[in-house]
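Take a look at this single chain, the form predicted on its own, given in structure tokens.
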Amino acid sequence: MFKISNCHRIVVKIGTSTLTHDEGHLNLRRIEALVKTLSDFKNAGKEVVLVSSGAVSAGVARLGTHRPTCTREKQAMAAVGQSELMKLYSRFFADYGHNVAQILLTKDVIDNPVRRAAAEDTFNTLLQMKCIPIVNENDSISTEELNFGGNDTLSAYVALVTHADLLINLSDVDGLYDKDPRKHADARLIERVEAIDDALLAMAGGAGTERGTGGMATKLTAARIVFEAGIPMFILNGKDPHILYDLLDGKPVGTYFAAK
């Protein structure tokens, strides 16, 4: 039986749609609740790595402009928004006595053994220093050949590089359903997944929201990556980050992907 109490190093991923209001501005109340909860995890002796989306949305809100329509605009918005995002995280975590560090990755870091080893050393050193690494894709320089295809996939690789004991994917839905719960009132939550096969993948659709780049399909891709590496994963609804306390207390929440 899975017990989060047995997990020492935890990667938590939160997506843009969970971090922002419908208008695209950052949801400060939710971010602060997330920070408070993760700070409690740290206080309980856990090592925490946060994979956070939201840079582009933060950039759009900061500049008061439209959503980017091309790669060049997206890269510029990410450059502006990433500093806004880190400024918020740094301030909120400092209120609870914790330090943060920023790590921006592209896919070539994972694919290159030398750069991957360097990233692994950096993560380990930061965690030994009691810092909370906050990771995002390096959208300002990322191209089609270098990107992960979304932070769901990025979070899975971060879990691998950090040798995490658990990956928690905070989404805008309660977990994996047998059909789209937004369209079908009788959709059933799948509480435990033992294998990721073609039938399971067929349940997933495209992007979840206009503000986000991923959907259930990318979450299942992430689950398969960590599943094969022996790392369990949860999909939880991040609308109320305090759900992480329920997980810590052993309550049945979300969808649990049991690792091999």
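A quick note: this is a predicted structure, and the numbers were derived from the prediction, not measured. Start at 1 and count along the sequence shown; that's the residue number.
There is also a form predicted in complex with ligand GLU; it is not shown, and the following applies to it.
Note on the partner interface in the predicted complex: the residue among I231, A55, V35, V49 having a heavy atom within 4.5 angstroms of ligand GLU is A55.
Ligand GLU is not drawn, but in the predicted complex it has a heavy atom within 4.5 Å of N136. Interface residue remark: S171 is not counted as part of the site for ligand GLU in the predicted complex, having no heavy atom within 4.5 Å. Within this chain, T16 lines the site of ligand GLU in the predicted complex, having a heavy atom no more than 4.5 Å away. Within this chain, G175 is remote from the site of ligand GLU in the predicted complex, having no heavy atom within 4.5 Å. Of the candidate stretches 162-170, 113-121, 179-187, 149-157, only 149-157 has residues whose heavy atoms lie within 4.5 Å of ligand GLU in the predicted complex.
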